[in-house]
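Below, in structure tokens: the form predicted on its own, a single chain.
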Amino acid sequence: MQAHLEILAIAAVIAVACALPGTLLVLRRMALLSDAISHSILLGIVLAFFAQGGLDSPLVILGAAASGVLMVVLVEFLVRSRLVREDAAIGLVFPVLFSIAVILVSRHTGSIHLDVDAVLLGELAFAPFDRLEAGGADLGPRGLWIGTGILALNLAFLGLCYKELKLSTFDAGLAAVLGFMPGVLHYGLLSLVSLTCVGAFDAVGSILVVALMIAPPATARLLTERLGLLFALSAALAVAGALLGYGLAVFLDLNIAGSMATVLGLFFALTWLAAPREGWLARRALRRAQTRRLAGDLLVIHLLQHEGSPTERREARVIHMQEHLGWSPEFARGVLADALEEGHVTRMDGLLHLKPEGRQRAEKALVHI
């Protein structure tokens, strides 16, 4: 039971630590960079491992963070050359860095702890066995301490630079004019993302790091436009996905990281489908309502143009509306029902006649055409 609780605590802390900077990446449309950074840090880890002969040195964290920043610098160098776009630059740089690291791992490290499977998937089940000890006392899982430290660093950065980050995210030009140094904030944020990836890397692997950074903020973005609430929702969704994913993994005996990433993906899919304002169903209903509204405008304009003319008896027939305007019978019935319900037209002897309200609507619609 204690091991389960420790795994849940580690997962929850890392989830929030990843979701907070990930929210800014999503808002800045830099989601691809999180994937690139989470893979590129492997090169720094491997090189630091060769230099130190182990994974316990602080040099590992520094090397991993530096390789993530190096990837960003190389990407921006290619983008500023104006020869390739950002997505192409990312696709050029991070596979090279990641591939070099994978080659070094597979060729020189044999079957030790640093292997490709651990890099991609991580293994939270083993996290409680890696303990932090001081003076002979057991202080708890090392991953929990690392995750808590990274979370505290993220909260401190966001708290101290909240206004500056908010302005530079939505209007970098104005931030530069006001002296907020958006370039410094940009690299500060990406350095923080790199450190977050390093802190979460050993426990959850690169795949779940990307899922935790992108899926919760992308889901929350469909639910709110308020930045403060967006951070809160991102963190809550990340924790919920981690906890439910762990429960699913235990119940079905699945890989923990894969289960968590799957649950986060389901959260996004359901929100994308059914979000009240931004969901696919809501947008589809809005488009249908707008189409019906436009069709109602066409109906009253058509009746107005032929009102009192010799052709009125032919043009005002319901069946003629379908033929003249190319509407299906079902769609025409819906448009007519709306017009009758709104009191814009009346139906007598199989003909449609405008009411004063319908005449006003037609005249107003003509003005805006």
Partner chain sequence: MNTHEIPALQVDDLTVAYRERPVLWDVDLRVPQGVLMAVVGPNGAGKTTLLKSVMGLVKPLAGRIQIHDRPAREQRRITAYVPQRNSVDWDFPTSVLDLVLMGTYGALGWFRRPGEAERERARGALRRVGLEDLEGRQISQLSGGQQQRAFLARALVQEAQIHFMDEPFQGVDATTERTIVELLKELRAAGKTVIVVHHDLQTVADYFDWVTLLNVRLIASGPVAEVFDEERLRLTYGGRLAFAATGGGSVAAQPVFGRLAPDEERKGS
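Since the structure is predicted, the reported quantities are computational estimates derived from the model, not experimental observations. Residue numbers count along the first chain shown, from 1.
The same protein also exists as the form predicted in complex with its partner chain; that form is not shown, yet it is the one meant from here on.
In the predicted complex, its partner chain lies within 4.5 Å of some heavy atom of L227. At the 4.5 Å threshold, heavy atoms of F268 stay clear of its partner chain in the predicted complex, well away from it. Remark: R288 does not count among the residues lining its partner chain in the predicted complex, judged by a heavy atom distance of 4.5 Å or less. Within 4.5 Å of any heavy atom of its partner chain in the predicted complex lies no heavy atom of A332. With the partner omitted here, the residue from V73, L298, A125, A176 that has a non-hydrogen atom within 4.5 angstroms of its partner chain in the predicted complex is A176.
When its partner chain is considered in the predicted complex, only one residue from I103, L273, L92, C161 comes within 4.5 Å through any heavy atom, namely C161. Stretch-level contact analysis of 62-70, 311-319, 23-31, 324-332 against its partner chain in the predicted complex, using heavy atoms and a 4.5 Å limit, identifies 23-31.
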